[in-house]
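Next comes just one chain, in structure tokens: the form predicted on its own.
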């Protein structure tokens, strides 16, 4: 007996019906518009990569979440869980031909086999912004400013979100100043990145398993109580490059006009080990959702896959959380603004006239939804009112005979007469 086919998509995956596509288009259009305004060039790549490129060190979550398999030629391949390794591969492939710095952007479909929670699927689209080959903090400013601009283009207000900013390099300096050896830093970063996701006692157990004694654990948690850069300045040298880079970021963001969106938060670490400097995560101010986007500086990634040393800054911005946030703030139907004209006819005798009207309106740049069969008036206007159109034209025998018809605004109910010819 054959297995019954489910009409549901595979667990964690998504179908996009027209109402879902309206939201996706709203988000994607903002991504593309903001990237274009800031001079980022679009690129794309294959969704399947070699497993060796994507695999991470033991202990990093994403390494255990990769969808991977062996193909018919016995090659170990995988669906990409993120875009950054693919970007690194592409840049390394043409590293001696590209003119740096480069500013690239893409919207990539990514897959991770992970436990699903609010705002987390096993498949999602991720907008990536990356600047490669630039040491200046202006690179961070451009990436962050572009992401904040995209949020505004989607319809969110300044008070709806904040970007929490820190520096892995600064935290490393603080750990060093606290007497914690450098070879323990990676374990501490990985553990502290789970704060808020698991209880502190669970984090302490992870640290103990990583060889951190109780004194080191206490010092690591004490550092998380530092609230601002002035507090950091009391613990590190005034010549600290990491501290001064953060100060420069806030100064430049003030000039660029989005400093009000940034807050210092030393607990922002980012789980992936390739981050080397400033890191950041954006959250809604009400604290209802997971991170909206995150990223930072990753100056060593190209060297890990055999490329030449190259500085880099980037972010990943998923579509799932921000769509839920938009619906929450703007309303479920906000992605469906009314526009265009709904055109229909009463009998087959008016079909040609309706098609002619639709063609004329389309040639003038109007969006027109033409009914494909005859409809009674009540049926037509019921259908038109539930469509995405703002206006409606319904042709009956009298309209064609007189050469005049009416266009009706479906919101105000006002009618305007026009000549069919």
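Positions refer to the first chain, counted from 1. What you are looking at is a predicted structure, and each value in this text was computed from that prediction instead of being measured.
Keep in mind the form predicted together with a small molecule is missing from the figure; the text below concerns it.
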Exactly one listed stretch (91-99, 232-240, 288-296, 302-310) reaches within 4.5 angstroms of the small molecule in the predicted bound form by non-hydrogen atoms, and it is 288-296
Non-hydrogen atom contact residue 130 with the small molecule in the predicted bound form at 4.5 angstroms: yes
If you check in the predicted bound form, is residue 185 within 4.5 Å of the small molecule, heavy atoms only? no
Heavy atom to heavy atom, is residue 344 within 4.5 Å of the small molecule in the predicted bound form? no
Heavy atoms within 4.5 Å of the small molecule in the predicted bound form: does residue 210 have any? no
Considering non-hydrogen atoms and a 4.5 Å limit, which listed residue (340, 216, 316, 145) is close to the small molecule in the predicted bound form? 316
Of 320, 335, 263, 226, the only residue with a heavy atom within 4.5 Å of the small molecule in the predicted bound form is 320
